[in-house]
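The chain below stands alone and is given in structure tokens; this is the form predicted alone.
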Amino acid sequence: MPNALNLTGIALTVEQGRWKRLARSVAQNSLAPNAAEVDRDAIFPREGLKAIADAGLMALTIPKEQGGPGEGILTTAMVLEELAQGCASTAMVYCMHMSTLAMIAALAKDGQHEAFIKPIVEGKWIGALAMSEPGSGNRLWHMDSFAQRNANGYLIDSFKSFCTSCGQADFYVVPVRADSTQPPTELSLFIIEGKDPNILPIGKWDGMGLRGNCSMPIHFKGCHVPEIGRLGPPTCGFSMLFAYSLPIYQVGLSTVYLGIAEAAYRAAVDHVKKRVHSDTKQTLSQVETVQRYIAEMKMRVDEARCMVYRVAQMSDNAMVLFNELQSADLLDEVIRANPDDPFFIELAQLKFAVSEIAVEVANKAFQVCGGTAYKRGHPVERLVRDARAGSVMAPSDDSLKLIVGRQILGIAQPWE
């Protein structure tokens, strides 16, 4: 019996195929039936997240020696692609949760395994990243807020302008300056538990799209964090984010938009096969313009998938190298010495390329489906709104293009 299947040039292991099929089942049976309600009423998708947890997907990248399945970023991308086709809001919440795991698993020490990794493995905790700040916007490498050391640990007073799962997460990974004397890129990472009464969600999430993911501002207003809540050494947070969070974050975001594009394409195909013109007695699929649109959508979705899977494999290879480094200080040295490494440029290109494809495909699906897709509540109407979030979601496409352009032209990056 063969031990691998071939999909878009990527050799999948039997285990990866099993995870992909499992995610597809969750998406079809638990996420898709509730997607319209989640969008209409801006409901945080607790029911869908429970189904994901019950399927054993919440700790997907936690190493086996720490109790998890030990899968990588490529497997996560395959899972996210399926989940996003069922409900993009739920997939985005899951993406942000997954963006915290590699960092926690790599840096956890002493009691942090019991305190933080165990509830994740048991499917009890959903995590979130709280990064962007009002003063720096989507320039996620720059933090104005800082930690204050005291006798019992740290005091964090930090306002974050957007945070997926705001007020809903069981824990937040919060980067801030190591202390008030440090420059904006000398960061520390903290895990703040969601039960802290000093965590204040601001306002109500009423987004144009991705309406179920509670991406509101959040104020960590004088949160006390004990020593166990600091993740890694005091001033290596910048490099830890680049090494352990950025790869899955960028690949994950891109995969959610791949899933949105694929869902729009499939909805368009389904529509044109069923829509019959009474005068010609033929389906809309017989129209040559429609056939061309469908072909263009299929081509663009396949392009996006190839890019996502390729960069996901690169990310898994990079993760092996990062884990082989003997200390956080050495990791910090390697990352800061290679700010324009082609790997990080690939990550930047991936996000803006796929988010643009998602908008293009969703718009074509909208055009093919016509007036029926203009009505509130139609799946394609929802997908058009969901897709539009990609270009402005931090780091925005324009910011990423500047990073890539600077690298090509030999201009120093903003964090150097």
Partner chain sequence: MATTDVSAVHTSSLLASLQDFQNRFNNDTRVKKLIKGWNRFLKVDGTDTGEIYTLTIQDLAVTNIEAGCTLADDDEKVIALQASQEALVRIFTGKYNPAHALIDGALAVFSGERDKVKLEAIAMIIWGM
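Numbering follows the first chain given and starts at 1. Everything numeric in this text was worked out from a predicted model, so none of it was measured.
As for the form predicted in complex with the partner chain, it is not shown, yet the points below apply to it.
Worksheet item: Just to confirm, Asp179 within 4.5 Å of the partner chain in the predicted bound form by heavy atoms?
Response: Although the partner chain is absent here, Asp179 would stay clear of it in the predicted bound form, with no heavy atoms inside 4.5 Å.
Fill in: Contact flag, Ala151 vs the partner chain in the predicted bound form, heavy atom cut 4.5 Å
Looking in the predicted bound form, residue contacts with the partner chain do not include Ala151, since no heavy atom lies within 4.5 Å.
Worksheet item: Though only this chain appears here, would Glu324 touch the partner chain in the predicted bound form if you measure heavy atom gaps against 4.5 Å?
Response: Yes, Glu324 sits close enough to the partner chain in the predicted bound form that at least one of its heavy atoms falls within 4.5 Å.
Discussion item. Is Glu303 near the partner chain? Define near as a heavy atom within 4.5 Å, in the predicted bound form.
Written reply: No, no contact at 4.5 Å.
Item to complete: Only one of Glu122, Asp157, Asp341, Asp270 comes within 4.5 Å of the partner chain in the predicted bound form by heavy atoms, so just point that one out.
Response: Residue within 4.5 Å of the partner: Asp341.
Discussion item. Just to be sure I understand the contacts: of Met208, Met299, Leu330, Val276, which is the one whose heavy atoms reach within 4.5 angstroms of the partner chain in the predicted bound form?
Written reply: Exactly one listed residue reaches within 4.5 Å, namely Leu330.
Item to complete: Considering the partner chain in the predicted bound form, find the one stretch among 184-192, 278-286, 315-323, 70-78 with heavy atoms no farther than 4.5 Å from it.
Response: Within 4.5 Å of the partner lies stretch 315-323.
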